[in-house]
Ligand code: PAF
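Given as structure tokens, the chain that follows is alone and in the form predicted on its own.
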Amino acid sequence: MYLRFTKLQNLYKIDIKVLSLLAVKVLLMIIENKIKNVEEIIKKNKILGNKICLIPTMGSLHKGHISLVKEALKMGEMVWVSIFVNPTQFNELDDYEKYPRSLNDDISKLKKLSHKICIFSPSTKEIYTNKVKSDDFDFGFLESIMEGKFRPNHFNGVATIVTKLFEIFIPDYCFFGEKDYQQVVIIKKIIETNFKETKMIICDTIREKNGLAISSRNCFLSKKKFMESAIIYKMLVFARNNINKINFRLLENIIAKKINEISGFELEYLDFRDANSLKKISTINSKKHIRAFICVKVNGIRLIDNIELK
């Protein structure tokens, strides 16, 4: 370590006290809420040659988030978890205000994982200054299907915060979960256009014991509805097992009937789409990867999921 610091000091004329202080900081959990402070830390770590990993979250961390963090810890010297409930990706103020927030608990969970984890938890004003507004992006038809259709302007809000975070961190790696697959496809486009040096790592959906995809919104379900929500994953598996046996229309009708007959359950959409383009398909093509996408409202709480079919 000393030789590495001496080499860096000679190359970049950095005071050895600064490098020593940075070495001590690496042993402690860094918690920042100011962009300029984060940018200074990132700059110093880039000089040291440390790989920067970023996991953007809205907090209320669960096993799904933790799986992303664990994956990041394998790949980079500096792992950043951003915790920010982004107002511009919510369609309703009430939904934004009710979103679960548990910063102290989140910090505690991350501390238990590793001292290498850094946390960025800014205020809304720090991110948006005096104008809380999303930028306008053009994602073509992706904005009008599935989540784009039922949550207008949602992906503009997602793209706005992700772009801001990428500009701050300039990450070598970013980590997202497969559960939000449509979001993953859209963020891929942002990376391909503006952040070509960042590599996206897509991690598997983490599930409850009953198969329900883990989500921060699951905490709003009653115990009974939580258990009944197992039907969502069960129907996705049913679709996977029968995609070559039953035509699409009949398959959709069977799944819709089974879900809608449960009290408080409403199937919002069920789509079979190309896994790469997200274009809707109506016939099986052995050369294409197909995914089933589903959204079910359970007493008004939207739960989304997806699964690879072929």
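Predicted model only: the values in this text are computed from it and were never measured. One-based numbering along the sequence shown.
Just so you know, the form predicted in complex with the named molecule exists too; it's not on screen, but the next bit is about it.
- Although the partner is absent from the chain shown here, 56, 86 and 176 each have a heavy atom within 4.5 Å of the named molecule in the predicted bound form.
- Using a 4.5 Å cutoff between non-hydrogen atoms, residue 218 does not count as a contact of the named molecule in the predicted bound form.
- For the chain shown alone, residue 107 is not a contact residue for the named molecule in the predicted bound form, no non-hydrogen atom being within 4.5 angstroms.
- When the named molecule is considered in the predicted bound form, residue 186 lies well away from it, no heavy atom lying within 4.5 Å.
- With a 4.5 Å cutoff on heavy atoms, residue 180 counts as touching the named molecule in the predicted bound form.
- Across the options 134-142, 226-234, 204-212, 154-162, residues that bring heavy atoms within 4.5 Å of the named molecule in the predicted bound form belong to 154-162.
- Residues of 226-247 that come within 4.5 Å of the named molecule in the predicted bound form, judged by any heavy atom, do not exist; none qualify.
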